[in-house]
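Single chain ahead, by itself, as structure tokens, in the form predicted on its own.
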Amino acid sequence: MAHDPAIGIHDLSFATTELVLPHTVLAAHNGTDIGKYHRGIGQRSMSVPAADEDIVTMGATAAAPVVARHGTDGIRTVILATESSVDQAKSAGVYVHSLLGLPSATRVVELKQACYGGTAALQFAIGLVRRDPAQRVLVVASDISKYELDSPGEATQGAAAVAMLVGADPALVRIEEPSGVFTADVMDFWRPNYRDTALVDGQESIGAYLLAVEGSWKDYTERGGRTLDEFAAFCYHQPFTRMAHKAHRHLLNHCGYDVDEDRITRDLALTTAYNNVIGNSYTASVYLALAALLDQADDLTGRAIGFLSYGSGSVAEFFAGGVVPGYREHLRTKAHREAIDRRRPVGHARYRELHGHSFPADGGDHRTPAETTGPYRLAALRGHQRVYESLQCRG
């Protein structure tokens, strides 16, 4: 009987915004002790989209280097995961497909389930590749996390996109079976269609997350998964980076381990480096954790990584990945650090202006100021249509 090929993440690239708001600026405005941000929630700054940036421009920026490296051959599916959708009907992935110049012989779809959507996209992609191992699937997880100004959630905002090329014989991480999954109907975080910002019950959300950690781990172990001690590191969804510490401590306790801060640091420390300066990127968050781990770790060849993906409302999945020999030759460490370092600090007044920015609903011609220096921008809303342009093609 033919052996099924390993399937997983062949390439990974991320993008974030043009602007950044340091938490020191937010703390000064709020009169908050900076320790509440730096230590309490584990956040140092948050990415802020310019007026001409959105999930499409970030998604295309993240995916462009992947397409440049591998070409379009074999990419017959694009799956875009987001909870910051720009349209109730049309997939944001169709705009990304267009900006990247992908072939018309492609299926494109958008997935939604809070912050879990990126993992759903990854698992759907694996199923498609298993059906036809010659195909590759482009998965894009892109989100802008936005809460009410002066609310408790404001300090956890952020924005980023991760693009992953999923295929057989992957160069970075093999995704293993089984998966442990868990769903519970809870109202910890949600955003009705008539609202621009999410509604959050902070304590309920933490409790729902921890319950989902238990439930998905229980299902994972019952299906014959690895033991806790087999993992070199754990990538958790990070609505704020201290939540990963809280979740991992809960999992260790649940499995009968004494809480050992050194162990929590060893298991998690490298996974929070990007999220703590970018902020919450919803569907992209757990894969930003993976990027940070792979970019910084000495050598993870042959080691197992645990993934815990959580999306409010709520759905969670625990699964494992094995790091592939030679993976370090395929990393984008320099580009990832540049994506973070290139952001321009934004003042508090301008940040609040951008937070409140929205297009009028009159169908008129509304141009956006040119702010981003990235490769793609949202140029205008015209006749109720979003108009994007590639800056690589101008002039």
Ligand code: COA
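A quick note: this is a predicted structure, and the numbers were derived from the prediction, not measured. One rule holds for the numbers: they count along the sequence shown, beginning at 1.
We do not show the form predicted together with coenzyme A (COA), though everything after this point is about it.
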Give a yes or no for Arg69: in the predicted bound form, does one of its heavy atoms lie within 4.5 Å of a heavy atom belonging to coenzyme A (COA)?
no
Ala304 within 4.5 Å of coenzyme A (COA) in the predicted bound form, heavy atoms:
no
4.5 Å heavy atom contact, Val315 to coenzyme A (COA) in the predicted bound form:
no
Please tell me whether any heavy atom belonging to Gly40 falls inside 4.5 Å of a heavy atom of coenzyme A (COA), as the geometry stands in the predicted bound form.
yes
Considering coenzyme A (COA) in the predicted bound form, which of Ala232, Leu252, Ile206, Val186 comes within 4.5 Å of it through any heavy atom?
Ile206
Exactly one of Gly117, Pro239, Gly167, Gly93 comes within 4.5 Å of coenzyme A (COA) in the predicted bound form through a heavy atom, and that residue is Pro239
Heavy atoms within 4.5 Å of coenzyme A (COA) in the predicted bound form: which stretch among 341-349, 357-365, 32-40, 59-67?
32-40
Using a 4.5 Å heavy atom cut-off, are Pro152, Thr156 and Lys246 all in contact with coenzyme A (COA) in the predicted bound form?
yes
Just to make sure I understand: among 176-202, which residues lie within 4.5 Å of coenzyme A (COA) in the predicted bound form, judging by heavy atoms?
Val200, Gly202
